[in-house]
Structure formats: C-alpha cells, structure tokens
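A lone chain, given as structure tokens: the form predicted alone.
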Amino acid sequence: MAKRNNKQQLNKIYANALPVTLSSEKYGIALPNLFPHNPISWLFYLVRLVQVNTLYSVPQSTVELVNVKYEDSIFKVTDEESIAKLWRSGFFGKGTLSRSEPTWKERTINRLNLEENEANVVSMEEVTSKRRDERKKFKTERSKLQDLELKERKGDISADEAIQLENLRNVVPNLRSANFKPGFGNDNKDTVIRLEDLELIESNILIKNLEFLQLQAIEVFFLKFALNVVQVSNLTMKQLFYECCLLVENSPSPNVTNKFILDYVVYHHYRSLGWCVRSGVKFGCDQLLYKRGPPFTHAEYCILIIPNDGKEKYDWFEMAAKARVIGTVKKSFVLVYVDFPTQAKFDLLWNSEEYEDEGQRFHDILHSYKVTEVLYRRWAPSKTRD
C-alpha cells in the first residue's frame, strides 16, 4: 500500500511531461473523442475545436518566460519557482549541490531541524543513503553468519558462538527483506550545526539557498526553440545557437559537424518521441533515455552519438569498453549515426536574410539532419554457445 501511495504522489508531482500549459488544463475543455463512422462526433469535435481556438486565448502565450542566466559559460536558473517548474515538468537541468533533483534546500532544512520545512519530505538522496546503509549492515551480518556456519560444520564452535549463530539466523533474513520507504518526518534528533551553517540561518529559518539549476546547452536551446518557455540573458535565438556552438568549438561560423548541433539533433529527436533525455556522462556515453524520468525508473538506453562521415571515431577497444560498462548496469547500448548536410548548404541557411522568423531558419537547418539508430549488443560466449 505504501508503494502504491508513493507512486500516486510521484504521478501527482510530475504530472506534466513538458513545462507548457495546455488549454485542457487551464480551461478544463478537452477535444472529444472522434469516431470516423459517426457524423455527430465529427460535428461535436468541430464545434469544440472552434470554441477552443476562438473563445479562449492560448494559455502558454500569457505565461511568463523563465529567466535563464548565461554566466561564465554556464546556463543557470536561480529562481526557486522556475527551478521547480523545469525539473518537475520534464526533468530539465541538474541541481549543482545535489545528485540530480535540486533538493539542497530541503535537505539542509531537514539536517538542521529548521521551521521552514512544512512537509519535511525525505529526498531521493536521503533514500539512497539509507538504503546503502541498510545494505552495508546486511552484508556485514551475513558475513558473520557465514563464518559461524563454517565453524559449526567443522565442529569448532563455542557455546557463545552457537548462541550468536542462532540470533544471526533470525536477524539476517529480516535485514534482507527490509525495505526503506520514503516518507515524512525527520528522525534525526541530534542536530549538528557547522560553522558555515551560521551564515545560512537566522531565527531558525534558512535565509540563503546556495543551489541553482544548471542546464545543458542542448536543454536550453530546446526550451527556447521547441517550446519557447525561456529567455536567456536577452539573447536572440540565433545568438543563443551561436553561443552554444562556441562552447564546443571556437570558430567564426558554426561547423556542420559541431558537437552541439549533432547532440541537439538527437536530443530533439528523442524528446519529440516522448522520452526523457538526460546526460550520459556517468556511463561513458552521450545521453540517457528514461521512459518517464529519474524518480520513476532507471534509464533504459545509453546513447552514443556518431557523425556519419565515414570516419572511425571510436576504435574497437573503446567500443567494447563502453559496451561492457553499459551492459554491467543493465542498459541497452544504442549507436545513433547522424547524417548531416554539406557545409555549403548549412552556410546558405545560416547566412540567409530571407527568414523573418528565426524559428523557421532553425527548422530548415535541423530538418536537413537525419538520425539512424543501431542497437549494439555485446556478444557473451557463455550465453550464446550451443
């Protein structure tokens, strides 16, 4: 029951897949189901479609854009409301003082027993730490049990050790089946205040939030180009694209095989298919694909992006090493080859003055790239022999 309630709570928190407001959410008016064989359903559908598009304004047009600061080659969001919006609606960015979800403030309030935390929710970092401690304790007790059982089989066990063995046989199975569930409340009654904590609290309230949300370049451009929900330091879309390219390759004009462009093409491709895309640097790849997001399940696929230019970017040893690491963490390894246009065609679209809408310019540029996926499987002789 607790697991079910926790899942329902996560579904409520992360209900939106993207940080956009739909008409059906704001006005409670959704398009009805359409049955091709029923003329009345067609009529009702058209009436509702005209009603939504004429009587109501587009909700997203009235939403204030999220302010993203571009400082020292870093894209950052400091407003707490914007941080929560971008993380809970698509899992964009990473907390600079957290593993992924920006929970430094909540963890600090829990640690210092401050008054500001109303719900006092246990963060994912605390859940992981608790589970690791329990697993470590289980392995220690299991090791003791195995040593005593070995002595018992050899007939070299004392009376005190026999009693200890019997107790461990009752305790170890319970430790193994123990499952820490995230809940509410702080059981830590011994609050340790460090010297640096004194600058953060006043009257038992946290007055400073040292954490901000750091966004990848591909995430920022997706939020600007595909969704138009952010404003980046007063940069136009073309200026933002150029700055993102400069982060990877310093050149007067973007190159057709710039790493940022190739990464963004793949990122946009999978985001448009409904996947949650995160950085894959910790597994030695470019991107990770989640079916829903980090709080729900582990990533299912590891993506390695390769420009399809006929050159060998990775040798056999590097590919085998990546496949071994990815296979060890029980994920599927996907090689994504990106076909790109000629530099002349790219420069023509980039420098053209015919575009009044910058979005159309980048639509044409990115549309000239093609994505091909290959599922890579590591051959294991012990599993495939006759």
Partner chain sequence: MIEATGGSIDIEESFKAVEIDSTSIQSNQQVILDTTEIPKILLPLISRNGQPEVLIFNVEDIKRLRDKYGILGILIGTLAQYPQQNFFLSVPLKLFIWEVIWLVESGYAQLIDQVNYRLDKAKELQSKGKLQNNNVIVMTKKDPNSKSASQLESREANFIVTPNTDSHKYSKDYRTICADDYEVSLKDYLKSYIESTSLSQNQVRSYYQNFKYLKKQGFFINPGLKFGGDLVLYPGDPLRFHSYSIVKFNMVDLQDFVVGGRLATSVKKNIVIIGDVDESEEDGSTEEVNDEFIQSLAKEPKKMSFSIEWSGFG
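Positions refer to the first chain, counted from 1. Computed from a predicted model, the values in this text were never measured in an experiment.
Keep in mind that the form predicted in complex with its partner chain is not shown, yet the notes after this line are about it.
Of the candidate stretches 150-158, 200-208, 275-283, 167-175, only 275-283 contains residues with a heavy atom within 4.5 Å of its partner chain in the predicted complex. Interface membership of residue 330, defined by any non-hydrogen atom within 4.5 Å of its partner chain in the predicted complex, is ruled out. Put simply, residue 317 is close to its partner chain in the predicted complex: some heavy atom of it is within 4.5 Å. Its partner chain is not shown here, but in the predicted complex it comes within 4.5 Å of a heavy atom of residue 321. In the predicted complex, its partner chain lies farther than 4.5 Å from every heavy atom of residue 238. For the options 135, 107, 291, 144, the one in contact with its partner chain in the predicted complex, meaning a heavy atom within 4.5 Å, is 135. Here is the short version: of 325, 349, 58, 65, the single residue with a heavy atom within 4.5 Å of its partner chain in the predicted complex is 325. In this stretch, 237-262, not one residue has a heavy atom within 4.5 Å of its partner chain in the predicted complex; the partner itself is omitted from this view.
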